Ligand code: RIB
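Below sits a lone chain in structure tokens, taken as the form predicted alone.
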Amino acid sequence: MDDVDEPRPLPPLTAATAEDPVPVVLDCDPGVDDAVALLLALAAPELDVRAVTTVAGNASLDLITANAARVLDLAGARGDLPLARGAAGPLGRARRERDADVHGPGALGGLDLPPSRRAVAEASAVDVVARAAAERPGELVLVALGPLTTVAALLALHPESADHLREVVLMGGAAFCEGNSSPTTEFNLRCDPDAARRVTESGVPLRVVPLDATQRALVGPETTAPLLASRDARGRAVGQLLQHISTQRRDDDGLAAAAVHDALAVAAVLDPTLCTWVEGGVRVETSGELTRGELVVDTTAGTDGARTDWARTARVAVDADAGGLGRLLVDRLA
């Protein structure tokens, strides 16, 4: 069995409100669905976005960071919102290359955004997150939308942040379904399984939004059409991004609908009832030709009939309200 840091109880699942916005840091690798997630978060008065950090995943760190700056400009984010660079690759392994066709030209589905003059922080992503967590101890939610390299480095270099964070909400894994990177694994966790393992063993409260939920939260023409017709440039951009994903899916399996994986993780912070959650312990496999990066969930953890000695530190989304996600995107961005 594994050595695990002292776990903390899971915080209550409560909806965010504009009267008391949830402070968040978004760690991302834009990426089409990351861009939708960023635009949703910055359009939501219920979230207080304290910083945006980048990590290599869907593309190189340079391109990812440039994309994040462009999307922040489109979102109308304030000029002094910290944007910080994170890791250019995983812990101790070669970086996995994403198929360029997945996110299209420039990794933003062909969306043509002007170059940004936004400054990138001199401090590292890890230091920016640590500072933001220390400023709002027990309140800050770290939303991790890419490989978990930043989160693992944060917990190693700033161990006090484990207590400062309210929780980590991450998009990653395939809990009880087929993966998208191998038969058992999802791309984000397979990119850096060592980092993911460290995070799942840290004792920090986790909310995991895996493919089980994101592949059920498909948004179709009833969402894309009003966004494309929006008078708001942000809405039109999201419509184009959704159209890119939908076209790909139609070509792959004939279904013209978009799975906006990372946007569901942000939506789950806004309204946890959009997902169906199970509680348990989680780990990520770090070896095996096909299973390296596999998310393993033990729903019996912490009970009398537990199959492992894992702590009950995670909520895992196993279903999602597709209509609710679509309405949220249209409401905030169209």
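Heads up: residue numbers just count along the shown sequence, starting at 1. The model shown is predicted, which means the values in this text are computed figures rather than measured ones.
Heads up, the form predicted together with this ligand isn't pictured, but that's what we're talking about next.
- Proximity to this ligand in the predicted complex, taken as heavy atoms within 4.5 Å, picks out 30-38 from the listed stretches 30-38, 298-306, 276-284, 43-51.
- Only one of 238, 154, 213, 171 lies close to this ligand in the predicted complex, with a heavy atom inside 4.5 Å, and it is 171.
- Among 200, 161, 224, 188, the residue placing a heavy atom within 4.5 Å of this ligand in the predicted complex is 188.
- When this ligand is considered in the predicted complex, residue 261 lines it closely, a heavy atom lying within 4.5 Å.
- In the predicted complex, this ligand sits beyond 4.5 Å of every heavy atom of residue 129.
- Taking the partner from elsewhere, residue 103 is found to have a heavy atom lying within 4.5 Å of this ligand in the predicted complex.
- A residue is said to contact a partner when one of its heavy atoms sits within 4.5 Å of a partner heavy atom; residue 246 fails this definition for this ligand in the predicted complex, lying far away.
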